[in-house]
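To begin, one chain is listed below as structure tokens, in the form predicted on its own.
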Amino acid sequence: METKPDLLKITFDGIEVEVEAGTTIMQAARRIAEADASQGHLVPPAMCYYKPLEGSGGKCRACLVKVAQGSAKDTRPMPKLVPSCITMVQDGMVVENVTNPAVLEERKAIVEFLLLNHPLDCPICDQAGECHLQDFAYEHGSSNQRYEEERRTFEKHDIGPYIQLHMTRCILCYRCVYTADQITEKRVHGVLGRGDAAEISTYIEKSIDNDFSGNVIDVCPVGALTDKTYRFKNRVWFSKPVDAHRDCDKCSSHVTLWYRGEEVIRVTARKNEWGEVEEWICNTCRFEKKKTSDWIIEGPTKVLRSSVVSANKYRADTVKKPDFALRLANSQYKPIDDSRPFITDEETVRQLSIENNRKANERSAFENTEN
């Protein structure tokens, strides 16, 4: 007889959820959002944590939360904010995220810290539109910055036949290092130097040329590691992603094809709703198979309505409008009478325009007379 594991109860921003032992606070918050999509805003941001990568997390501090009650047995609060991505839940734990002003204020400071040396490359960066740092700064950042020193800069250089490194944009999340450690036979790049001299690099410019090296591009949350075959070809919101697969003896080959018209301009691994790759793909699928005839097309990729990638080019049954947008429209905009006839006759439209202008002029003249 199979026994069910004991579940731990955690209260996250006033919402109770039961999870298995060994679950982190971040994963518990994601469980809430997966059960109710309207609670997605409660999930702490993650710039270094990546669930498929063992050992990731605990470096960027973007996901700090307040533990107001450690457990049912020890009701004392934790004295400092803790990283939700590596802190395990306890039975009876009470966690405050967006409901705690100190947490939100701390996130502003984290955004400011990450942007100390990050260049304003968004207008020319290939990552724009799918950059996690952009999202983090928009949702939690401040429009002001107090830093007055010169930003650190590095020369761009190629670290393989397909990948270019912009170390100036790097936030040292270590994702690419963990990826190379865990899915390749031998890692040849890593973090060199310490403090403000730390940088991602290879030993004496050694090339990264293993069959799965392209996955470091997908895990990078910013535009530090870019696809040389895609650079400056297109903006992500002008392209259309489509799910596809093929027979490959190296990987699962479940990919997303990015189209510009009928041309495949980029191939990436598929990502889940948290922007994480769950099935790695090889370099052959990523860089060498860029014809529609190479693939079996499954259909349009499901894209969140809040993403710029959707860009009004998906059917209603593929991209659903979020509830908050409908509530905002109901509260701030007056309803439109759709029962009115749709006028297309040019002469009628011209006459109505003249009449509307006359009424507007009369109102303006009346207001001037009163003043």
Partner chain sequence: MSKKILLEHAHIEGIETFDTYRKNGGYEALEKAIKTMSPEAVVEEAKKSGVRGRGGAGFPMGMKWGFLAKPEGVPRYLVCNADESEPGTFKDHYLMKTIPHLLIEGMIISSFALGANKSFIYVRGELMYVINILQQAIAEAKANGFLGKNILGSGYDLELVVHPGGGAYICGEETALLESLEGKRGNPRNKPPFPAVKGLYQCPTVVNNVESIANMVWIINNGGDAYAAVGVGRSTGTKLISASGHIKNPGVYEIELGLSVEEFMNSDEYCGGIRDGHHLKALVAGGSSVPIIPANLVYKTANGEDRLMSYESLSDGGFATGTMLGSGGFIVFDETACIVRNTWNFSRFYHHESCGQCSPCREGTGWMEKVLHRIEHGHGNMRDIDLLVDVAKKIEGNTICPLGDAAAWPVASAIRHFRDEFEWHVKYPKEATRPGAVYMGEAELV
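Positions refer to the first chain, counted from 1. It should be emphasised that the depicted structure is a prediction, and the values quoted were computed from it without experimental measurement.
This protein has a second form, the form predicted in complex with its partner chain, left out of what is shown; the following refers to that one.
Taking a 4.5 Å heavy atom cutoff to its partner chain in the model of the complex, the contact residue among R30, K51, R61, K66 is R61. Checking I171, C251, V264, I183 against its partner chain in the model of the complex, a heavy atom within 4.5 Å turns up for just one residue: I171.
Looking at 69-77, 99-107, 222-230, 276-284, the stretch with residues near its partner chain in the model of the complex, meaning non-hydrogen atoms within 4.5 angstroms, turns out to be 99-107.
Its partner chain in the model of the complex is not approached by D247, whose heavy atoms all lie more than 4.5 angstroms from it. By the criterion of a heavy atom within 4.5 Å, V188 is excluded from the residues contacting its partner chain in the model of the complex. Contact between E155 and its partner chain in the model of the complex is not found at the 4.5 Å heavy atom cutoff. A residue is said to contact a partner when one of its heavy atoms sits within 4.5 Å of a partner heavy atom; L192 meets this definition for its partner chain in the model of the complex.
In the model of the complex, its partner chain lies within 4.5 angstroms of at least one heavy atom of each of the following residues of 76-98: K80, L81, I86, in sequence order.
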